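This document opens with one chain alone, in structure tokens, the form predicted on its own.
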Amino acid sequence: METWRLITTWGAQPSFNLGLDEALLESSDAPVTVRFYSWKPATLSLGYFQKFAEVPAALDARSVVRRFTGGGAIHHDRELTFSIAAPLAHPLYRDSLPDSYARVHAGVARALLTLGIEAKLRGESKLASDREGTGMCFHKSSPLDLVWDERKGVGSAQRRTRERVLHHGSIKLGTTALEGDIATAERVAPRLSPEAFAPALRAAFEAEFGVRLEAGVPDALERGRMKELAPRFLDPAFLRRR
């Protein structure tokens, strides 16, 4: 059975979260690494290719950063954020891009089922949560998104290099004023915290992918690279560069 590393960081600074994920994407000798984490303060992350002016919520958010992955803006509050970094040739990510999204989302759906939530890929259906003009990830859906209650409840994006892939995912446990009427877990688990949901997600990933997740920490090289990368995400020029 393959062993993957699990890094857990609750209530981490936005620059730490994004810097560490990018360091893991660059870490060519690292094992497959899963992260479970949350954000403090609550933070709006813009997709890499978004223009600041295209996201009205950016003016109301307490903290705003720009991700190194694409997609729409996400308000990182009342959610469990996860990432999976692995070699491009790993079975999780090989074959087509849609196949890799479907594999990862199958693991998330298995975890949500433990709450009684039957999450499915959107396919060709229309969603009540889709809205124009907000630039928000949960207001724009694709066929590969995980949905329930006719709304989007998991947002994902990937960044690929020649050697590695990192998949970001946001699992909504509750909603916020910036995201409104989206799918969340609070319908069945009103006070569910990321820390409380993490064991179910861990078990689901182990069962779905046939692996063992072993708790670990970033090594010295990853920590050093994270410290080098983190300031970029706080740079106003990087935030507003598009």
Partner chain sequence: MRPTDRKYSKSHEWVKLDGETALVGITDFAVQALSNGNESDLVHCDLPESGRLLAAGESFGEIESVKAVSDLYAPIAGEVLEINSGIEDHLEIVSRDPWGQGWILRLKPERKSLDGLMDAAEYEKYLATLAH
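Note that this is a predicted model, so its numbers are computed, not measured. Numbering follows the first chain given and starts at 1.
The same protein also exists as the form predicted in complex with its partner chain; that form is not shown, yet it is the one meant from here on.
The candidate stretches are 189-197, 211-219, 173-181, 63-71, and the one lying within 4.5 Å of its partner chain in the predicted complex by heavy atoms is 63-71. When contacts are judged by a 4.5 Å heavy atom cut-off, Asp95 counts as touching its partner chain in the predicted complex.
Its partner chain is not shown here, but in the predicted complex it comes within 4.5 Å of a heavy atom of Ser142. Using a 4.5 angstroms threshold between heavy atoms, Gln158 counts as touching its partner chain in the predicted complex. Its partner chain is not drawn, but in the predicted complex it has a heavy atom within 4.5 Å of Tyr48.
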